[in-house]
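Here we start with a single chain on its own, the form predicted on its own, put down as structure tokens.
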């Protein structure tokens, strides 16, 4: 391979991919088919320049650092890997994440963590519309604010918002829980604000510590399902 490898103190290797010299397709080909057979434990990706689909479909416990901004679907379908993006990301970062951790040091565009089944997504700044749409078990912690219709149809997992939330928060939510520190512009259908329980404070404190955010759990509001949409009512005239 033309990519530079460096020995670590543990005998493992750090591999460098320069996307100004290597295509994303070739890099992902190595990650999918050769990484698990190699001695590589850490990967640095430089000059991403907003390229799409960087480090998607990972199934190996490897540490990846992306030095710059990434495009759509970065770290999508992640399993086991820890991915850090030292910049902003486009649509659907960590889409359908299964396990592992993805951390965005900057801002995230729409649909961050969409359909995530597990693992953790941390966004240190703001996330745009539909953050956590259809989440199915992922934990998402946002250091800033989230846009409209975040956690739409969220089925399981936690969305922590340290800033404000836009319109339609938690619309048609199921069993996921949302914690919001700032203002909520409006709640979506069947979402309601509830008192935090002792268990909520424990869960929230753990998630905040994991993300490195130092906020008091007492500053947050809990948003959960009122469970009025679980059974269709033909006489409700679309009003719930």
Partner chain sequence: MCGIVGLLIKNPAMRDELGELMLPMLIGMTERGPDSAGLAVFGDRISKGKVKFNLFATSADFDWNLFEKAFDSHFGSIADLTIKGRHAVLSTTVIWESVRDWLVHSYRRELTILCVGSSMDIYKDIGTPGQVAERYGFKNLHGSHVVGHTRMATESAVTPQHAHPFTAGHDFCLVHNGSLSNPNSIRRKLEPLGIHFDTDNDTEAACRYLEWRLREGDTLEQAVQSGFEEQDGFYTFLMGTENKLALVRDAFACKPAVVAENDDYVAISSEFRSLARLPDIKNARLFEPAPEELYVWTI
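What you see is a predicted model; the values in this text were computed from it and never measured. Positions refer to the first chain, counted from 1.
One more form of this protein, predicted in complex with the partner chain, exists but is not displayed; see below.
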Since the chain is shown here on its own, which stretch among 115-123, 158-166, 95-103, 145-153 would lie within 4.5 Å of the partner chain in the predicted complex, judged by heavy atoms?
145-153
Considering the partner chain in the predicted complex, which of 57, 188, 182, 50 comes within 4.5 Å of it through any heavy atom?
50
With the cut-off set at 4.5 Å between non-hydrogen atoms, does residue 69 touch the partner chain in the predicted complex?
yes
Residue 109 near the partner chain in the predicted complex, any heavy atom under 4.5 Å?
yes
With the cut-off set at 4.5 Å between non-hydrogen atoms, does residue 129 touch the partner chain in the predicted complex?
yes
Is residue 134 part of the interface with the partner chain in the predicted complex - any heavy atom within 4.5 Å?
no
